[in-house]
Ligand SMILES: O=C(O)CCC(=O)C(=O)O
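Only one chain comes next, encoded as structure tokens, the form predicted alone.
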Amino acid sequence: MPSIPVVSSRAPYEDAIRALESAGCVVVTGVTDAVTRQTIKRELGPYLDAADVKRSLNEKYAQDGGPSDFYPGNTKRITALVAKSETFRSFVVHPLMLSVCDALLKPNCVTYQVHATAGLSVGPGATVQVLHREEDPFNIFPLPRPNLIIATMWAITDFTEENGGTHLVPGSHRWPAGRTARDEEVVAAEMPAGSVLLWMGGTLHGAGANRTADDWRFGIFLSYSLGWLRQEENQYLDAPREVARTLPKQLRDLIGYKMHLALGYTDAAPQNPR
């Protein structure tokens, strides 16, 4: 029976990196404390309160050529987290994230970047999401692909199998094209609040079904990609120049306000030199 490796945040980051390389996924416990989680809830709460509970996104996504079960209903989704939450910005530059990206993405690029951000509140009745890979849009590369993306889910509340903990297929980041997951190969990521789930861009995964009566599970999605790839989330619109000017240089560079070799030049760079 496959399983998702679990390591402590007190362990060397190399332990998490080795687990990612081997299993394609890992849970790191004890990364955020209760105060941090309460703060990010407070910062993002108004945006979640204003968000519609998505019920019809599947139909539109299918009309646009995507799978019909990609966006489960009974789920609130918000994006543009760099602009909306100061606490989230500390997630982006967390030493664990940077150490993992340095080890697994840096060999294929000069610099990596934030790929996408989202706050996801999955409610009772949400159905299972189709299994997919973060790297699927880059299908010019044959499977198994080189390391292109690292994805993470930060547990702001507890994740359980019953409330829709993320489904993953350990080892699938090394599968060839045509290999599909059997039911017994799919594992739910169960982790206490404060943990972070990391997975390789080639690992099959998807949100689980929430079968509880009243337990909304809340997680923060954050992914990184090679600096020469097109970002999934357009950071130049979601974190425009007036926001980028206020950010520390390290964070501004990570969201894409930096050239990758000859890519990304502009004559309107932010002026904050920090």
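Remember, it's a predicted structure, so these values are computed and weren't measured experimentally. Residue numbers run from 1 along the displayed sequence.
There is another form of the same protein, the form predicted together with the ligand; it is not shown, and what comes next is about it.
Contact with the ligand in the model of the complex, judged as any non-hydrogen atom within 4.5 angstroms, is confined among 35-43, 205-213, 244-252, 222-230 to 205-213. Put simply, of 186, 116, 92, 120 only one has a heavy atom within 4.5 Å of the ligand in the model of the complex, and it is 120. Among the residues 85, 147, 195, 129, the one placing a heavy atom within 4.5 Å of the ligand in the model of the complex is 129.
Contact annotation for residue 81: none of its heavy atoms lies within 4.5 Å of the ligand in the model of the complex. In the model of the complex, the ligand lies within 4.5 Å of some heavy atom of residue 134. Interface membership of residue 71, defined by any non-hydrogen atom within 4.5 Å of the ligand in the model of the complex, is confirmed.
Residue contact check for residue 153: one or more of its heavy atoms lie within 4.5 Å of the ligand in the model of the complex.
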